[in-house]
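One chain comes next, on its own, written as structure tokens: the form predicted on its own.
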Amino acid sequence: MKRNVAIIGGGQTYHAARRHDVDQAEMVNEAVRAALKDARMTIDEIDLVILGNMEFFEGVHLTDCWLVHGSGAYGKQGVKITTGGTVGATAVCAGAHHVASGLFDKVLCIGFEKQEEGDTGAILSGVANPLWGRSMAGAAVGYFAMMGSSYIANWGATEEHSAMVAVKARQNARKNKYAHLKLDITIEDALNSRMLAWPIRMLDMCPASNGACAMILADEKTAKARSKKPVWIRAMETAHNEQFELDWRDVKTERLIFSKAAAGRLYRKLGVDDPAKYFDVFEIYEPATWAELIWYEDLGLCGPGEGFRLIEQGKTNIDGPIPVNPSGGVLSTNCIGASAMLRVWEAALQIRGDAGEHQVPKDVRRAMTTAYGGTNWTVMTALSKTLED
């Protein structure tokens, strides 16, 4: 990149199933004000505003235009981004490139979703081909059910392993004051939750959340002058492909090439041979428990068929050697337009040492984040405490 780029501020709303106290603009404004306060800036200093949202989930379009009084974009350069569940990370990626290119010095990135004002499940049921993508029906529950059943059949994992992921996520969320589902659950609670499509149960899936996240990116000169704790964006990768139902019948096949491809390219950029040792924390976009187990493997944290062993041995716990989603992850908070940005912001908080009760108990110098959207899309971001890390 032409110029180094840093995260110099950020903020998020409290996330919940209902936010009847605010409209969309007011909810977005909460996150924007928090980000400006964190960066010790005013909106007048922002050069560009990037707004990310899955607008058809709420059924209201042109959100970048009619939310200007909440986003602070009035009279400024602006970009609207919609790329499925990846949208929050895509906004960060676009913001970083605008800064790195030299076009702008300070960019405000915003992601939000107010799902209570629409019907996300109904929209998702109609996004795929009715034949080849029929497993996407029912808000993608069938999609992840095929993933889980294939994983069980091929590697010998059990429903208890997915329940361990569910418990880890919700117990971590209890430490995160902004999280949506702060559930004090056990493995038995997860296994006894309502069956949706075997082996997916209610507690194996993410919630429908309302909330927003905002981040301010800046060039190196601005970051060093304005921020005491800049977090540097060291590398980014994007990979999209269309996944069809047949690809899930055997997890031993070359599946999920999007995540493997993006991770491989990002690791090569950084010269990473062992990501589990190189990165101190991971914030990954896991809409379902089985996805987390599989993506341990696709990200190179372990070998094929060993993902369930990591959770079994507690290695990805908040106090483990490979902490994954200390924030509670998407399994605990899923305001779709903001979910991927929250992964980046939560990772930045870990590097700054500002994550509060869900701060991992070790020095965090490097972090890795992922996004997930569509049928198999991702944006991956590597962050570091210094430019030398």
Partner chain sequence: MENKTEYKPFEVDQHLTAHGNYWAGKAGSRFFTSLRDKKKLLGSPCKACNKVFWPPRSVCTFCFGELKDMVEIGPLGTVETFTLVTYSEPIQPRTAPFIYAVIRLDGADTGMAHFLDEVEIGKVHIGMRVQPVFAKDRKGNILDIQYFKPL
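Quick caveat: nothing in here was measured; it's all calculated off a predicted structure. Numbering follows the first chain given and starts at 1.
Keep in mind that the form predicted in complex with the partner chain is not shown, yet the notes after this line are about it.
Taking the partner from elsewhere, Ser101 is found to have every heavy atom lying beyond 4.5 Å of the partner chain in the predicted complex. The partner chain is not drawn, but in the predicted complex it has a heavy atom within 4.5 Å of Val32.
For the chain shown alone, Glu26 is a contact residue for the partner chain in the predicted complex, at least one non-hydrogen atom being within 4.5 angstroms. For Ser71, a non-hydrogen atom is located within 4.5 Å of the partner chain in the predicted complex, even though that partner is not displayed. Taking the partner from elsewhere, no residue among Arg3, Ile81 and Ala94 has a non-hydrogen atom within 4.5 angstroms of the partner chain in the predicted complex.
Of the residues given (Glu116, Glu306, Glu220, Asp189), Glu116 alone sits with a heavy atom within 4.5 Å of the partner chain in the predicted complex. Heavy atoms within 4.5 Å of the partner chain in the predicted complex are found in one stretch of 336-344, 320-328, 354-362, 32-40, which is 32-40.
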